[in-house]
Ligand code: NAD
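Here we start with a single chain on its own, the form predicted alone, put down as structure tokens.
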């Protein structure tokens, strides 16, 4: 796809199923991270555009969208998912150009977006209340109702997947959504909005306002008509978003950073573990909140695991996204500089291996080689802070107690994995690990659209994916009727 062949206008906001010029008449450059070149401009939406989007969303709740039954909402979502599947290759290429993601990974994201919509389409009419045994002469029951207007501020690393798990769930519950995509990656969000319109989503049910976080994002987080806010991004911005939403006493789902460990014991199947040990750290060039950046290995297995991971690292190739190599570029020059700054702080560590940047890569692209550090102290900055780049540390442990202490020894708690054949150990550790998701003899479970996802500590709170997301995008009402 060539960007001048887009079927939508990225310089406009999508409000009420219409493409509108931003009130400011200002625009932002969108840069291809594989080349460092500007590929198009996007709307620089602001307070006025956000207000218009929220107003249209609110109006839709008492008009077309709000009058649909749960079954009808599910049918609309299913149609959107079908169109996403048909446009999978177009969406994947847009994502590769926009985010720098290798095509294979971008195709997987487009397929995941379609799967989220399929799942929530089927779940839309499966959210039931409950009857409650109560006093004689009463019938008591609960209802699940939509919040109203929901705000979605999403990051640049997985736009399609996060739209699916966040916006898809909100719409399934009958909310009307206003989406603020990251200014670095807006194309698939805008494309999705147009696909939703084509599939028959009523006007106002979904609105998209591109722009800066400090402008459009801040206006959306603080709007008094927004009744629920979902944010995925950094810890620093998450704190700001939550504080802003607190002024209106609005519930917030925060999915923030991670420093996720994989625990490898001496009875593990290393052949089975190896692909997960490496791939979970380098996927999307390590720009993944649930990336496995810490590999904890029992001392008797340490050298073997490092050697085998190093062999894989030596084969890794980094290059332009559309060449579909192992890794693409980082999202921006700023992110590249941040990762290089972390790498410089590893000067005292053993570099067990690193990948290579393909010779055909542009000097202006934001490429960083993946690096594997071995023998790392668990208190080292590279083992404590989220790097958000293709950097993994291997940390040795003596026994189960030490492994647990190291795994829980950061401020984050998003994902963890246990590699062991011993069932009792698996169960003990799964209960004791501080993480929102724990995987046993795997990592990620293939994406897991059905599996609740979220963290503890600095990784945030609230849950996305699965039925838990639908509960989060609804409020519970109790009805107690006296009839005797």
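Residue numbers count along the first chain shown, from 1. Because the structure is predicted, anything quoted here is derived from the model rather than measured.
In what follows, reference is made to the form predicted together with the ligand, a form of this protein that is not presented.
Undergrad: Of the residues 414, 187, 196, 371, which one places a heavy atom within 4.5 Å of the ligand in the predicted complex?
TA: Contact check passes for 414.
Undergrad: Select from the listed residues 88, 353, 404, 218 the one whose heavy atoms reach within 4.5 Å of the ligand in the predicted complex.
TA: Looking at 88, 353, 404, 218 one by one, just 218 meets the 4.5 Å heavy-atom criterion.
Undergrad: If contact means a heavy atom within 4.5 Å, which one of 298-306, 382-390, 339-347, 141-149 is the stretch that engages the ligand in the predicted complex?
TA: The contacting stretch here is 382-390.
Undergrad: With a cut-off of 4.5 Å between heavy atoms, is residue 98 one of the residues that contacts the ligand in the predicted complex?
TA: Taking the distances in the predicted complex, the answer for residue 98 is no, it never comes within 4.5 Å of the ligand.
Undergrad: Any of the heavy atoms of residue 251 lying within 4.5 Å of the ligand in the predicted complex?
TA: Answer no; every heavy atom of residue 251 is more than 4.5 Å from the ligand in the predicted complex.
Undergrad: Contact with the ligand in the predicted complex for residue 326, defined as at least one heavy atom pair within 4.5 Å: yes or no?
TA: Close contact is absent here: in the predicted complex, residue 326 is far from the ligand, nothing within 4.5 Å, heavy atoms only.
Undergrad: Is residue 130 part of the interface with the ligand in the predicted complex - any heavy atom within 4.5 Å?
TA: Residue 130 lies outside the contact set for the ligand.
Undergrad: Looking in the predicted complex, is the ligand within 4.5 angstroms of a heavy atom from every one of 157, 165 and 237?
TA: Answer is yes for this spot.
Undergrad: Only counting heavy atoms and a 4.5 Å limit, does any residue of 441-461 reach the ligand in the predicted complex, and if so which ones?
TA: Result: 453 alone.
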